[in-house]
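There is one chain below, alone, in structure tokens, taken in the form predicted alone.
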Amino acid sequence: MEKIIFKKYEEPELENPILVSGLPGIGNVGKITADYFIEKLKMKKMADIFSEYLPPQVFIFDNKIHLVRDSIYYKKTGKKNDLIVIAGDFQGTTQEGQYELSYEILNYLNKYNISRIYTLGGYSIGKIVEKPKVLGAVSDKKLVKPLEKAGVSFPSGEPSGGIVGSAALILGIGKEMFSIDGACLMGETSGYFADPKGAREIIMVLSKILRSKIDLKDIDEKARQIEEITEKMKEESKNKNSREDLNYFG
């Protein structure tokens, strides 16, 4: 078996496509965003990606197995730029796998003359965020001003630890080996659980960048559910601390 296999479904003709990549990561912010665009824009699948760099695993849905994979979707927008989105079940499980998958995906898509790359991820701040911001990092400074207009923040020195994983490599390899400029969009998140609130902020920013109207109703509902859960957790923690104080004085 080859290390990376592309199972092709369609090879559409696309106009100056923008590439968006959102794979699982911190708070699953990137994955939630990518999946949401695929669903709401009714994007079509170009290819599935199977690889020994992904976990040796199948999922089971309604008693049917699903071999883990990443996938490539497209949307003909009828505008200046069509859209390609990378989504999936996992990132590469090793450093070698991360590099190989990122390079081979970009190499596979190179024939479409990608005009811009946006990678998506979460930025963990270790606490529940009431109003998450979207932080940005760019491969060319000319992108900063238009992204700021779309709602992206560029705080000095952040993220201090740099960017890791597919969000970093697809952007970096795209710049160095394929001469494609781009940006990483990171939604603030606690990092404790899958975070639709952080994803919602990226969805809003990305919809402005892509000039696409996205219905936010479903992501708003998911964010509301998370708020209810976190409020319940806070209340339970408060009650537990109160009981411990009473036990101490007892």
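In this text, residue numbers run from 1 along the sequence as written. Computed from a prediction, not measured in an experiment: that's the story for all the values here.
If you look for the form predicted together with another copy of the chain, you will not find it shown, but the lines that follow are about it.
Peer 1: Can you pick out, from S207, S51, S190, N28, the residue that has a heavy atom within 4.5 Å of another copy of the chain in the predicted complex?
Peer 2: After the contact test, the surviving option is S51.
Peer 1: Looking at L109, V85, V134, L169, which has any heavy atom no more than 4.5 Å from another copy of the chain in the predicted complex?
Peer 2: Of the candidates L109, V85, V134, L169, L169 is the one lying within 4.5 Å of another copy of the chain in the predicted complex.
Peer 1: Contact check in the predicted complex: P12, S115 and P146 versus another copy of the chain, with a cutoff of 4.5 Å between any heavy atoms. Do all three pass?
Peer 2: Negative, none of the three is within 4.5 Å.
Peer 1: Flag A194 as yes or no: does it have a non-hydrogen atom within 4.5 angstroms of any non-hydrogen atom of another copy of the chain in the predicted complex?
Peer 2: No, A194 is distant from the partner.
Peer 1: With the cut-off set at 4.5 Å between non-hydrogen atoms, does D89 touch another copy of the chain in the predicted complex?
Peer 2: D89 lies outside the contact set for another copy of the chain.
Peer 1: Is there a heavy atom of K141 lying 4.5 Å or less from a heavy atom of another copy of the chain in the predicted complex?
Peer 2: Yes - in the predicted complex, heavy atoms of K141 and another copy of the chain come within 4.5 Å of each other.
Peer 1: Looking at the partner-bound form in the predicted complex, is N81 within 4.5 Å of another copy of the chain by any heavy atom?
Peer 2: So N81 does not count as contacting another copy of the chain.
Peer 1: Can you pick the stretch from 33-41, 209-217, 195-203, 52-60 whose heavy atoms fall within 4.5 Å of another copy of the chain in the predicted complex?
Peer 2: That would be 52-60.
Peer 1: Enumerate the residues of 85-101 that have a non-hydrogen atom within 4.5 Å of another copy of the chain in the predicted complex, in sequence order, or give none.
Peer 2: T93, Q95, E96, Q98, Y99, E100 sit within 4.5 Å of the partner.
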